[in-house]
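Let's start with one chain on its own, the form predicted alone, as structure tokens.
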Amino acid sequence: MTALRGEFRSRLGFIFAAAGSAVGLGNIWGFPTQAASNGGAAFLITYLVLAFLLAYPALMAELLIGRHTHRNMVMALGSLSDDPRTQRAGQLTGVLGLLTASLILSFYAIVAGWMLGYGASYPLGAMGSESTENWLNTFAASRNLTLMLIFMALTMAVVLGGVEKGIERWSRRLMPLLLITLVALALYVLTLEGATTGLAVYLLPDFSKVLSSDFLIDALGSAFFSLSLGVGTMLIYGSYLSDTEHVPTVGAQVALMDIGIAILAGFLILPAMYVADARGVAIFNEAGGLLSEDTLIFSVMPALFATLDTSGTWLATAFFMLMSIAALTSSISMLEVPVAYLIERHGLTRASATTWAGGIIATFSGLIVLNFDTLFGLVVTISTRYSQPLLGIAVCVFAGWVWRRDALLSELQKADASAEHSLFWQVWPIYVRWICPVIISVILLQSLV
């Protein structure tokens, strides 16, 4: 069945694809400023601990269910039990996951389109095309709609190629490019005046922040959401994973790469902010705190690039190319969730499934563009603040309570005959059954309050 569905040809291809799914815009610009606002290294240490106490076990739930069933999210969760009521609950959860992934992609494509626009505007402006540069940098419905459609077309083109020739091939190209660009930008920015101040803010621990009521919740949220959990992207990628792969090891490698990139981004973003501060660009709000992520990306960074003369053009182009790559590696996994369902449940060809899923999402994204003030924030809130944590809890419940222990152990023994005696087997079932649902529930309740 996996041969007909497609399968990752190598472990490295899977790691790049799964890590690319997890590494998104929030990792690059959101995590560093959150760390800086919550005690720097104190937040980093807490984040690292919680990532492996919470995010890794939840990641393993999705990967193991996907690899065990080799099916899309709807059919996978529905097949874990013989009880008809539990099967229907699993299918309903899968449908909600599919809808949530589609909702996230609908607003994500708009923001990613802005990244493409900013990235193209700088070289065009340097070549003298000022009218096009201004159009790309001006918030307007026509510009937002055009850039969103371009980004969705790129996403659909990758997914259209399938698992091996599309997702894996492009992940193996884009992820190394992302890493090289991120490192090169960070090294350059660290040579500029003011960078060491930002580095100190990022790396020196301020343990007084630990006493803040929001500190632990922010760290928990960062750890969980940084791995793109709860919407079926990791489950569907796990379903394309070979039965010979040792899933706990591969999952740990994916988590390490995602967390590593988020931390590495801090060596770019925080120094860049304080370089901007040294050049007269405001990075603090009226209350004295660091500006929010959206203000940072669309105000502070362009203002910084404007102070760097010629070097600012290539630096800006490279930066927004980095952001566009991060967006694309995430968007292809989100689109693959409904595409896989349409192929396996309704018998569509990949071309038809990609066209239908991508077209419907792009249409809804267009509605958001045309009703931006009303719909954008609403869709973001529904999909990420409410739906994603609820789905994360549901997946943990299915992995920890519905999936029979003997079937789970058999899945682990495919690549490790002694899995029954491993530390993972002794610890993970307890975590996914009790600890993960409780912690994710705390995050959800805190966001509601």
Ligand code: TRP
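The numbering used is simple: start at 1 and walk along the sequence shown. Everything numeric here is computed off the predicted structure, so don't read it as measured data.
We do not show the form predicted together with ligand TRP, though everything after this point is about it.
| in the predicted bound form, the residue from Ile104, Met148, Ile259, Val159 that sits within 4.5 Å of ligand TRP by heavy atoms | Exactly one listed residue reaches within 4.5 Å, namely Ile104.
| said: Within 4.5 Å, heavy atoms only, which of Phe305, Trp170, Phe225, Phe364 is in contact with ligand TRP in the predicted bound form? | reply: By the 4.5 Å heavy-atom cutoff, the listed residue in contact is Phe225.
| Stretch from 5 to 13, 421 to 429, 434 to 442, 19 to 27 whose residues place a heavy atom within 4.5 Å of ligand TRP in the predicted bound form | Selected stretch: 19 to 27.
| query | Counting only heavy atoms and a 4.5 Å cut-off, does ligand TRP in the predicted bound form sit next to every one of Thr93, Ile236 and Tyr341? | reply | Contact check failed for every one of Thr93, Ile236 and Tyr341.
| said: Even though the partner isn't displayed, in the predicted bound form is Ser324 close enough to ligand TRP, meaning a heavy atom within 4.5 Å? | reply: No, Ser324 sits far enough from ligand TRP in the predicted bound form that none of its heavy atoms falls within 4.5 Å.
| Contact of Val231 with ligand TRP in the predicted bound form (heavy atom, 4.5 Å) | Val231 belongs to the contact set for ligand TRP.
| query | So, in the predicted bound form, is Met334 in contact with ligand TRP at a 4.5 angstroms heavy atom limit? | reply | Within the cut-off, so yes.
| query | Taking heavy atoms and a 4.5 Å cut-off, does Tyr240 contact ligand TRP in the predicted bound form? | reply | No - in the predicted bound form, heavy atoms of Tyr240 and ligand TRP never come within 4.5 Å of each other.
| said: If you apply a 4.5 angstroms heavy atom cut-off, which residues in 388 to 412 are near ligand TRP in the predicted bound form? | reply: If the 4.5 Å heavy-atom criterion is applied to ligand TRP in the predicted bound form, 388 to 412 yields only Gln388.
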